[in-house]
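Heads up, the chain below is alone and in the form predicted alone; it's given as structure tokens.
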């Protein structure tokens, strides 16, 4: 995820900004930049790649007196990772850095272009600085212009803006993306998008709430809430443990990433939904022309998201869909026809087996699409088109939010194709979009749910194995639940279609076989319930995950009642992730770095 830093003071502004950005490297980035306003003049530097490239560019730049500075590490959402697209973005006499996504940037950009503004980048962020300078010409003060600009933006943002007309001021706004301001005994002001850049510099911090905006000078913090009412900052003592600060108070990165899924999915959806259609501006109009089949290819967790996608593409879009394990497909001498869209899925975009299948598809002349989290990855550079999941960095080796964002993309893409292929009527498309907007709330972890799973986990530490079972789209979720448990607990687990139990696996059923049963209310509930009853009759220990209480279950995790099975899917995803986490914790394992595993598998 993108990172922000800012500073007002008399120390070495350049070094403070660069060291702050270094503390944000763990969040992931593909380019970085700083802008410093000193003695009425701006100096700005940007570089693609690692911070060492930016440090090299700024080695002769000296800041040894009062200055105002802002910095940014960018994780691309609009436009490639280039210097032009890197932040800070320049207007005539102002610079801006921004985390988040401006949903209405296209409309604002068109208006500004019509008025003669020239854009240098492909980003949504550049709109902010040009809109501010447009308003600056129409208002009495820079703050009025900034306030007007913020009220014209739709979407998620954490914004820092500096302008020559107020050369000792940083303007700020926060809505949906994290940001805080820190102070110290010397009354300096530091901004950042997380705690870590401020540790060692600040004693106290104020965490901005959604809707907060205002400005900071060397001797004041002026702040307003979303109702435009003046408010006082609420300062808290800053932690001094950098690793703990990176974890935001969670025990493990994996736990933090499970909790982040609500905001990650909100980012995945941003700018891609209207009331009547799904919008993928990044896809060329010709991509689906002449396509009669979709072939999905991936490994591990991404393979499970691909299986989920196959149900949605065939059900909603009415497109023939097949799913391939990349490590098998590349050696199979497969038949590849040019009416097939070849889709690869990878968190990193560097997975060796999947990358090789993409090269095979390119050689065979197929159209290609990659679903990925990293803009400058090998797959993104090679494919004809790509969709970024916007999940941010996963430090936990066992993937959680990458899976959640991939399935979200596939749900959106299936409805996008349904609109294009006229396979769903407009009322149903609008209903599906309304449901998608509810995903972030369906994956919010409640204290009651997590505490219930913590208590249950002590009963699942032994035995000879686990069955995770589900039907339809819940079958790949069962596969994913079993994989999560295997990865971090080292217990044997299998994912199965519920209806397959009687075709052999039920022979294993006894009290030491734990069955994790996914029982959604709105998809084949009675069929699935019957399958679980077969296991219960053979004395398997049953843990039912469902909004409907199941009297034959030994344990029951109640989920919320949702309108549609896809929202049940996302909440049950949360439950199996947390269950795997808590079992692993009780077993004393290294949750974030499980044995024998690597985060990005770049070898065969």
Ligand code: AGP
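Numbering follows the first chain given and starts at 1. Note that this is a predicted model, so its numbers are computed, not measured.
Although it is not shown, the form predicted in complex with ligand AGP is what the next lines describe.
Note on the interface: of 196-204, 79-87, 347-355, 110-118, the segment with non-hydrogen atoms within 4.5 angstroms of ligand AGP in the predicted complex is 347-355. Of the candidates 212, 487, 324, 375, 487 is the one whose heavy atoms come within 4.5 Å of ligand AGP in the predicted complex; the others do not.
Contact with ligand AGP in the predicted complex, judged by any heavy atom within 4.5 Å, is made by just one of 482, 433, 397, 150: 397. Using a 4.5 Å cutoff between non-hydrogen atoms, residue 300 counts as a contact of ligand AGP in the predicted complex.
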